[in-house]
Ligand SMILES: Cc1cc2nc3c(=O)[nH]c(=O)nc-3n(C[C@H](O)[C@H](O)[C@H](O)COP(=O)(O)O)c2cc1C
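Taking the form predicted alone, here's one chain by itself in structure tokens.
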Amino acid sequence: MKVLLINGSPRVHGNTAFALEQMAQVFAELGIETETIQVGNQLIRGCQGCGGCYKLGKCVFHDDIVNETAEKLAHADGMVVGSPVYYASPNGTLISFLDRLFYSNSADLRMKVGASIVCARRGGTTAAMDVLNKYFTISQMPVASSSYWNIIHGGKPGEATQDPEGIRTMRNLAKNMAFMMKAFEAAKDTVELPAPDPKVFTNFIR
């Protein structure tokens, strides 16, 4: 089994990376492979809603990281998105990345397990987490939870190491996520995925 770990922080070795590393350690202990994709320090343009991906099956912009991640996500069992909190929301670069990744993705993401983690000096964490979880829920991806909200605290690099409750939360999240992925995999032979109703798009302009 494999999980993609998305680091939305511009700091490769910052507090968000530390939180993701805590999860990676648990996944390794449970026999689950991980791959970390560094997003927060990239130059990533936002989605313009052009719809070109409907024809191509991938995003029309060629900065590689979005389409490469989409291919990896298609073959992964789960995904963790980590972000620092600046103004009560995830990093803007990460939002641009996720908008394009989920809007343009043509793969079936149903029952791949998603989890978001956020790191902040003080506040805005639950608001940021809510933004990230919406990418999973619109894609029929079950969202994993932990023994507390998926939050770790730290301002300066390294301060998250001083948050034992946050570390515990990350480790428990990885354990719960691993259980969900293994349970879904075990159920494939006995339980069919529900057949979705046909797509229909409506608005309120008549």
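All residue numbers refer to positions in the sequence shown, first residue = 1. Every value quoted in this text rests on a predicted model; they were computed, and no experiment measured them.
From this point on, the text means the form predicted in complex with this ligand, which you will not see here.
This ligand in the predicted complex is not approached by residue 22, whose heavy atoms all lie more than 4.5 angstroms from it. Proximity of residue 94 to this ligand in the predicted complex falls outside the 4.5 Å heavy atom cutoff. The closest heavy atom approach of residue 79 to this ligand in the predicted complex falls outside 4.5 Å.
Contact check for residue 155: a heavy atom falls within 4.5 Å of this ligand in the predicted complex. Comment: 84-92 is the region of 67-75, 84-92, 99-107, 129-137 lying near this ligand in the predicted complex, near meaning a non-hydrogen atom within 4.5 Å. Interface residues of 106-127, taken as those with a heavy atom within 4.5 Å of this ligand in the predicted complex (partner not displayed): 119, 120, 121, 122, 123, in sequence order.
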